[in-house]
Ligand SMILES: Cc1cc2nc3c(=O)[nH]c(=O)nc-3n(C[C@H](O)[C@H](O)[C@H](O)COP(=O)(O)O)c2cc1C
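Okay, here we've got a single chain as structure tokens, the form predicted on its own, with questions on binding and movement later.
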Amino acid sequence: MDLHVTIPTAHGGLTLKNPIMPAASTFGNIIEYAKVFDLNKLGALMGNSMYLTDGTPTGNQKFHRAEDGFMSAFGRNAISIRRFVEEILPELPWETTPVILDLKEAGMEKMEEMVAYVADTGKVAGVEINLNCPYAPGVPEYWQDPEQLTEFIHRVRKAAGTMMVGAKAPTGNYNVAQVTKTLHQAGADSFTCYNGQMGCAVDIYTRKFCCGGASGTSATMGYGYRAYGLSLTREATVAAPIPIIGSGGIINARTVIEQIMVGAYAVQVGSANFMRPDFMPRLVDELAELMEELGVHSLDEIRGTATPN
């Protein structure tokens, strides 16, 4: 049984021992989970989304357990990429399990600086650029303009050296086909095409929003979005030949196989990490068992094989 997957990149490819990795901002700063299981069990490691410098997280409620999953709203994360590299990265098994960092900033120049800083460590396998950039009030996000998005990826690509350059979808609805095509043409190595839907919830007894900043809105995620996440993967794989990282409602091995069958190379686990900290290593074992049951010897055999009924 071979769980290995290789994500093609501009510099040859990134090989993972299995397709399971955490979604950004659902796995703390990674190191906390080393107390629960062997981090080498996963295909790749990814922690909270980070800025170049330290920030101040929102003082409002950051998490809310909803009926169909979770709602989250971090605001500006407390730990900077510099602090992560200096204090946490040396403690991670980066030599045996690839570390991929989700990054966000207020502009292209800051993002270039951050990516170049990460590349210089020699310990990070890839970066995932959050397409909600720029994180600046009143400024249109880069994904909304193909020319700006192209320039953004070109500048990141140049700063990244040999690291894999991935992109993470904006939160909420967006033009999947257009963004996927633009990312492919600009030279991105991968695209995680689901990043939650915007929503809000109200506590009718306190009359307060259950999660989120001043607007009361936050990203919603969980099993209730499984079908939607799967459809985004399918739409993205049809739009352009860029490796897709599937996400949205990954709660068991079946949901992983579904993503692979519609074309994903790997998957990101988000809300399930909030339910039990050892979920992902258990998922790896469950995936191997399901593949044996299906008579599947490698994930390459079934990638993109889903057909109309």
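Just so you know, these numbers come straight off a predicted model, no measurement behind them. Residue indices: 1-based, along the sequence shown.
Quick note: we don't show the form predicted in complex with this ligand, though the next part is all about it.
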Stretch in contact, per heavy atom within 4.5 angstroms of this ligand in the predicted complex, of 33 to 41, 280 to 288, 259 to 267, 245 to 253: 245 to 253
Under a 4.5 angstroms heavy atom criterion, identify the one residue in S190, T182, S72, T237 near this ligand in the predicted complex. S72
Do N18 and this ligand share at least one heavy atom pair within 4.5 Å in the predicted complex? no
Verify the contact flag for N29: yes if a non-hydrogen atom of it lies within 4.5 Å of a non-hydrogen atom of this ligand in the predicted complex, no if not. no
Any chance V118 has a heavy atom within 4.5 Å of this ligand in the predicted complex? no
Would you classify A24 as touching this ligand in the predicted complex, given a 4.5 Å non-hydrogen atom cut-off? yes
Looking at this ligand in the predicted complex, which residues in 186 to 214 have at least one heavy atom within 4.5 Å of it? Y194, N195
